[in-house]
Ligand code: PEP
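Okay, so here's just one chain, in structure tokens, the form predicted on its own.
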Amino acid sequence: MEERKTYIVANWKMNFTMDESSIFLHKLAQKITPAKNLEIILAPSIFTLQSLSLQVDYKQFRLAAQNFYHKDFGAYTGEVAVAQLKGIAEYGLVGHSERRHIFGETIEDTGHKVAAAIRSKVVPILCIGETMSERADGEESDVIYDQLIGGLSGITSHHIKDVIIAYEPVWAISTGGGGTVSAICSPDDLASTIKIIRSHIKHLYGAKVSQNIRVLFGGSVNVENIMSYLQVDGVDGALVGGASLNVESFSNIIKKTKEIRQAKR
């Protein structure tokens, strides 16, 4: 049986200038050695993607876009088409909670973006997750189901294998760089939700897809809690926000990920 791959995604959000991004990548590269079936993905701001694509060692890291538009070309001033990312970014975030709740990205938008990414052979990382009020009202499962249905509406069962799901409970996401969070998502909370996600996927695509689809966790992941989250059954990696902005903390997250992978063998 082939060993399952683990993914660690660094979402830098709107941080770092081009020079700062380059320096960060250089420092990180000195601390990281490649490991089999461990994919380390960096998602810098869109304007630094091209320069980092010329600097990055693809044996160590892969690149992701934080956002893109679903049209392949046209009169859409200020937008970047996913088709324009080919050869630069191998992955693309779709439906991050900040895109949904700050910029008004709809479930329909996420569906168009996932389909566009698949069309351009960029791997979509579909972010899903409920707010605190939705969770308090017992709507967690329904919200996740709606976000999955909408986000995956434009692809066939043949392409579902090319999608990564990232569960990011909005109530457990910090504002970055040491920001506060509404609450902590415990490993037990995560285990329960992972079962919900895979159950929905099973309903939509069958048991085999449910077992094989890659599901990451993004809820204020840091050096202290990464190992407990990665030990949850059905978790294939992490989407890291604030803790990915520090070379030491992020490199230690990768180190601990390697340790937990070794322990599972």
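These numbers come from a predicted model, not from an experiment. One rule holds for the numbers: they count along the sequence shown, beginning at 1.
Keep in mind that the form predicted in complex with the ligand is not shown, yet the notes after this line are about it.
Q: For the interface check, one of 194-202, 66-74, 214-222, 51-59 should have non-hydrogen atoms within 4.5 Å of the ligand in the predicted bound form; which one?
A: Among the listed stretches, the partner-contacting one is 214-222.
Q: Has each of 13, 168 and 241 got a heavy atom lying within 4.5 angstroms of the ligand in the predicted bound form?
A: Every listed residue reaches the ligand in the predicted bound form, so yes.
Q: Do residue 172 and the ligand come within 4.5 Å of each other in the predicted bound form, heavy atoms counted?
A: Yes, residue 172 lies within 4.5 Å of the ligand in the predicted bound form.
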